[in-house]
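Consider the single chain below, provided in structure tokens and representing the form predicted alone.
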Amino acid sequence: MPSNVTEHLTEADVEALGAELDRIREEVLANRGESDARYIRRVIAVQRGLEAGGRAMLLVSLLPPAWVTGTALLSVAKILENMEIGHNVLHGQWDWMRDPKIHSTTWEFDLVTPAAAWKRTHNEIHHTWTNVVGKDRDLGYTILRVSEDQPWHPLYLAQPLYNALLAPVFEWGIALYDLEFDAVVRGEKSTGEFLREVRGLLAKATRQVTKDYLLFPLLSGPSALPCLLGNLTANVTRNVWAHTIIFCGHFPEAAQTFTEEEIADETRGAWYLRQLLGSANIEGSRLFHIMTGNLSHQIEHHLFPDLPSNRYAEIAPRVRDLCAKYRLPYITGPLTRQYASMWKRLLRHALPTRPSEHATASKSANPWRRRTAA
């Protein structure tokens, strides 16, 4: 892929692309209805059935087949709850149903981080400043270097190690990340607000730990220890899966990063273009897409973060056709390829790198002139 993939576009092209994406959005909004509502209610019913089944089997998990079955059911239930339900409900994708039980203002997902903190760092910061160095804290999650525009430090030499260690405890990493301690150090967040959020995290984490590692094991009587281990395994499995899918959404090598200078005076069309070029999809079956929370359609999710996730699959071919029409890359591939590419990028930027000559030249007055991150 050429280092600059948008230099052929005119300002009119960018705005025309934005208008075509707006039309897709309006069509989905106009057709949104009962079939979508049935979808999310069915997913929630399946998730709760899986969790109930898993919890029941773990009550007698002294028996090895019961432990294996219960742990597997609970792992799938936790993945469904976090990815297809929690993430998308908290985006407000189902608020239009006006169901107070499936609403972004009432949902609290099965993670140690409080939903309110997550909505601020994810919905407000990440989706506004997608892949903008210095503004999007998800770009490296404050501990990883994924772009040459991030200054190198010897600590990054160890980033492959601590990224691997992060995966099994990902929910705890997200919880600490959502506290935004770095913003306190920079003076962008008050100590009082930080301490209030710490108390909120401690309260939520206490509930989560009590539920999984005390209450249900105690209810299991002689199966207490295997039940505890089953809950621990389910949480670790969910964490590794979520880390894998989320990191493949923006960190494959072809996904681009941007500077604040490049997005100055950004138009709606240019905003769409940034979401498109900074995101990456993962190919797979319908079941695979559901288990990823449809974040396998990361491009469509970033273009339309508040549209129901079950619509991304039907939108994707139209977005891909637009990319062909405007000669833009549509970054997609199987999970193995995207995962390997993500790791290659992390390894590359663990070492000192400097901006390429083309990258420096691309910081022009044209806001849609972008460059690859590698």
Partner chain sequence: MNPLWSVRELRGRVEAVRRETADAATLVIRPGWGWTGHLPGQYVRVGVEIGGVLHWRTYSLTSPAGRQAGHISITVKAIPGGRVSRHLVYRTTPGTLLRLGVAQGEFVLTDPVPPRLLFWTAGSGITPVMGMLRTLAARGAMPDVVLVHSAPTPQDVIFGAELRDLARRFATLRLYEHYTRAPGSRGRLSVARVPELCPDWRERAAWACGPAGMLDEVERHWAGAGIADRLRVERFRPAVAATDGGGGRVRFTKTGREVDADGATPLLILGENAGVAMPSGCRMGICFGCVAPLRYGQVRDLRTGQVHGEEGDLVQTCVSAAAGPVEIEL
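Residue numbers count along the first chain shown, from 1. Quick caveat, the model's predicted, so the values are computed rather than measured.
Separately, the form predicted together with its partner chain exists; it is not shown, and the next lines address it.
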Just one stretch in 341-349, 55-63, 32-40, 323-331 has heavy atoms within 4.5 Å of its partner chain in the predicted bound form, so which one is it?
32-40
Proximity of Glu314 to its partner chain in the predicted bound form, heavy atoms at 4.5 Å:
no
Evaluate Pro100 for contact with its partner chain in the predicted bound form, applying a 4.5 angstroms cut-off between non-hydrogen atoms, and reply yes or no.
yes
Taking any heavy atom pair closer than or equal to 4.5 Å as contact, tell me whether Trp96 reaches its partner chain in the predicted bound form.
yes
At 4.5 Å between heavy atoms, is Thr191 in contact with its partner chain in the predicted bound form?
no
I need to confirm a contact call. Of Gln208, Ser104, Thr259, Thr244, which residue comes within 4.5 Å of its partner chain in the predicted bound form, counting heavy atoms only?
Ser104
Selected contact from Pro160, Gly92, Pro168, Gly284, since only one has a non-hydrogen atom within 4.5 angstroms of its partner chain in the predicted bound form:
Gly92
Counting only heavy atoms, which residues in 281-306 are within 4.5 Å of its partner chain in the predicted bound form?
Pro305, Asp306
